[in-house]
Ligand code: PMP
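A single chain comes next, written as structure tokens; it is the form predicted alone.
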């Protein structure tokens, strides 16, 4: 996939520059050690105009990720939101995936940097995992022990774990991986949270060993509006495989139904599931087709 061309513009440290002319230093911690913070944000073409979904929540989380890990964050969130809309306008994007990245100054030590840079880029991107139900496997790779890193910070280096898990899953013929935590309990996908349907309720792993996603929070808010009970708890693999159904959710993934976990096939038809109801509700929300002002 080509993420940019000769006309693509990015935002770099206060200026809009051509993507193919932008430069970074090869001696930075971010390149060598993965010490950077990022976000994934979506913009949607709605009947009102192009809207960035939950822009403030994403940029506030970017700031929080930097604070948790000692990465200097010196930018104003309102200004970043403004410049992101300008970025979409300059590239003539109506529907887009947006990637802010805070990366470090040139230095090769293992001490947090004193100066950082920020980049905003965007590209047109469809459903990350496609539109069909997914075949997933329980990965041999576990999520990092929460005592080994800031598990709730969206840090670049943490995603080596995700790349290993996804690559392993695809090499085995699956669409995606499901990772367990250090206690052998269900945690999340490589880049998405998971919800499990059983007996008319939804279950999702509790915070502590997962990255609590903004889409995850949105799904929980939608469930309150739709009077769907959500239980946050520790979840075993056996519970997952004995459930009626499951789905992933995330900014890139949006809401994606799961058909099989390893060799276990969910018998419930997707169109009859709570997940399918929430998939439709989420799409209506981001496209502003339904008045859900109570949660946005």
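Given the structure is predicted, the values throughout are model-derived calculations rather than measurements. Residue numbers count along the first chain shown, from 1.
The form predicted in complex with the ligand is left out here; the points below concern that form.
Taking the partner from elsewhere, residue 113 is found to have every heavy atom lying beyond 4.5 Å of the ligand in the predicted complex. At a distance threshold of 4.5 angstroms between non-hydrogen atoms, residue 251 is in contact with the ligand in the predicted complex. Residue 177 falls outside the set of residues with a heavy atom inside 4.5 Å of the ligand in the predicted complex. When the ligand is considered in the predicted complex, residue 85 lies well away from it, no heavy atom lying within 4.5 Å. Of the candidate stretches 26-34, 236-244, 54-62, 255-263, only 54-62 contains residues with a heavy atom within 4.5 Å of the ligand in the predicted complex.
Each of 154, 190 and 215 places at least one heavy atom within 4.5 Å of the ligand in the predicted complex.
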